[in-house]
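One chain is shown next in C-alpha cells, namely the form predicted on its own.
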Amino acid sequence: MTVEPLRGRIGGTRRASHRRDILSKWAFMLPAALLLAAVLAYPLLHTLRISFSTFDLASFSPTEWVGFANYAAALQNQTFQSSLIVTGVYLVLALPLQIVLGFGIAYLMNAGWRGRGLIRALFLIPMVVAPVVSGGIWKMILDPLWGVVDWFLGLFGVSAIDWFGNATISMVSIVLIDTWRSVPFVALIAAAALLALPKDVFEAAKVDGASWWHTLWSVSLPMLGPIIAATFVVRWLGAVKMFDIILATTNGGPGEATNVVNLFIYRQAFQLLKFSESSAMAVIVLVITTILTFVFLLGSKSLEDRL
C-alpha cells in the first residue's frame, strides 16, 4: 500500500471520529437544550410581542401592532431613565466592594490559623438566606428607633441615623445589605481558586524571601486575574437583577433614591397595568445587559489570554 492512500484513510478515520464525538456531545446536550429553550423562549417571545403591541386588559392579551411606539414612550419616560441611573450607581458601588472583600476574606480564610473551618461554615450562612428575608432582618436591625445598630451607636454618643429615610444613606444601606449577602458567594469562588493555585510557585517565592504582601501582589493576583474577571461577570448578572432587598426595605424610596429599574418595571406592569410599555422597558434592559455582559466576557477572555 502506498503512503498517500494510507494517509487518506487515516484522515478519513479521524474526521469520522471527530464527527461521532460532536454528535455524541450534542446527543447529551440536546434534551437540556430543548428544555431550556422551551422554558426561556416562550416568555421572551411573548414579552417581545407585547412590547410591539397594545395590551387589552379585558382579554389579557396583546392586540393591535404599534411598532416601536412603546419603546419610544419607554425611552422618553424620565422615571425610567432615572431608574437606569440609580441601578448604575448601585452597580458601581456594590460590585467592586464585593469583589475586593470576597477575595480578601478568602485569602485570610486560606491562611493557617485555628478555628478557620468553623468561621468558613458560619460565613456561608448569609448566602443561603432569601433576599426578602435579608431585607426584612436588616430593616429591623437598622430601624432608627428600635434597631440594634443605632442603639449601639448611641452608647458612644452618636445620634440615631435614618438608614432608609435619607437619600444618600439609603443607597449605602442597600449596598451594605447586598454585600452582606453576596460576599460569601464571592469568597467561596475565591477560596476554591486559591486552593487550585500551584504550590511550587509560592514555595519558590518563599525561598526567594518574598513577604506575604509581595506574594499576594506579584504572585497570587496575577494568577487569579481570570478568576476575578469571571467572578465579576457572574456577580454582575446577579446584581443587575436587584429587586427583593429594595422591595423589603426602602420600596424604592425615599423619593426615587433606590428606585432601581427592575422595581420600576414591576410597578409599571403589576401596579399601573402598563404591560406594553413595561415589556418594552424590560427588553431595553435585556439588550443593555446583554451588550455589557458581552463586553465583560471579551475583557475576561483578553485578560486570560494575556496571563
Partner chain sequence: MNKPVHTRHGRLIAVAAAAALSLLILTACDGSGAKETSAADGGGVGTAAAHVKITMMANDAFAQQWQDKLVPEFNKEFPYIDVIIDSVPYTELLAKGMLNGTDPDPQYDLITLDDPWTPQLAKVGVLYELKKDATPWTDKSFDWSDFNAAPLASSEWDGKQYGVPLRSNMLMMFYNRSLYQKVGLAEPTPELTWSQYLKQAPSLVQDTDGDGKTDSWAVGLTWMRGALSPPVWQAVLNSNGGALFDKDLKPSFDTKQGVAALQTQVDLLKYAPPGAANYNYTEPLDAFRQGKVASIFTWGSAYKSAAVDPKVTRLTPEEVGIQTMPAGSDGPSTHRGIWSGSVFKNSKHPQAAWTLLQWMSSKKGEVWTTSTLGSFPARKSTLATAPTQAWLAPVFKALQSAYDVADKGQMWRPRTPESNAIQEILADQTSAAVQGQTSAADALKKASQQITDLLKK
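Residue numbers count along the first chain shown, from 1. All values derive from a computational prediction rather than experimental measurement.
In what follows, reference is made to the form predicted in complex with its partner chain, a form of this protein that is not presented.
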Does Phe164 make contact with its partner chain in the model of the complex, using a 4.5 Å heavy atom cut-off?
yes
| task | Classify Gly88 as contacting or not contacting its partner chain in the model of the complex by the rule of any non-hydrogen atom within 4.5 angstroms, answering yes or no. | result | no
- Query: Using heavy atoms and a 4.5 Å limit, would one call Trp212 a contact residue for its partner chain in the model of the complex?
  - Reply: no
**Message:** I'd like to know whether Thr79 contacts its partner chain in the model of the complex, with contact meaning heavy atoms within 4.5 angstroms.
**Reply:** yes
Near its partner chain in the model of the complex, with a heavy atom at 4.5 Å or closer, the residues from 266 to 285 are Tyr266, Arg267, Phe270, Gln271, Leu272, Leu273, Lys274
